[in-house]
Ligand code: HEM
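Take a look at this single chain, the form predicted on its own, given in structure tokens.
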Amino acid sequence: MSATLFERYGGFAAVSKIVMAFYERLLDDDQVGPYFEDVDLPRLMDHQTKFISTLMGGPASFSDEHLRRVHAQYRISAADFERTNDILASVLLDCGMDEDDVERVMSEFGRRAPSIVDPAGDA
């Protein structure tokens, strides 16, 4: 049985490092940084660690309904989702993930776009 990306890259310890780097870039980004003003960042980073672990085949999971519910208040546009996508892909590469594995993770991330993006978010 082959190991998941989560296992191959070092489990929660490695994902925690990825999440730290991810939020450093998100917070500094002019386009998506404002989404993170006035949020409980440690709590959010804990959830993001579990979410990225899920994308890598780890033990945590989030239903589409859960993702819809927690993101609805932010009215995330498709453009902002795409910007977040680009930042995450860059972080994964910088953290030493192989390009093919980054593509797999990003495919999983993209599959969840309908649960995260507000269809009226670009309006």
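Just so it is clear, the structure is predicted and the values come from calculations on it, not from any experiment. Heads up: residue numbers just count along the shown sequence, starting at 1.
What follows is about the form predicted in complex with this ligand, which we do not show.
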Practice problem: May I ask you to state whether Val91 is within 4.5 Å of this ligand in the predicted complex, using heavy atom distances? | Solution: no
Exercise. Indicate whether Ala72 is a 4.5 Å heavy atom neighbour of this ligand in the predicted complex.
Key: no
Quiz item: Is Arg112 close to this ligand in the predicted complex, meaning a heavy atom pair under 4.5 Å apart or at it?
Solution: yes
Self-check item: Contact of Ser53 with this ligand in the predicted complex (heavy atom, 4.5 Å)
Solution: no
Quiz item: Honest question, do Leu5, Val19 and Val102 all end up within 4.5 Å of this ligand in the predicted complex by heavy atom distance?
Solution: no
Practice problem: Residue by residue through 77-94, tell me which have a non-hydrogen atom within 4.5 angstroms of this ligand in the predicted complex. | Solution: Asp80, Phe81, Thr84
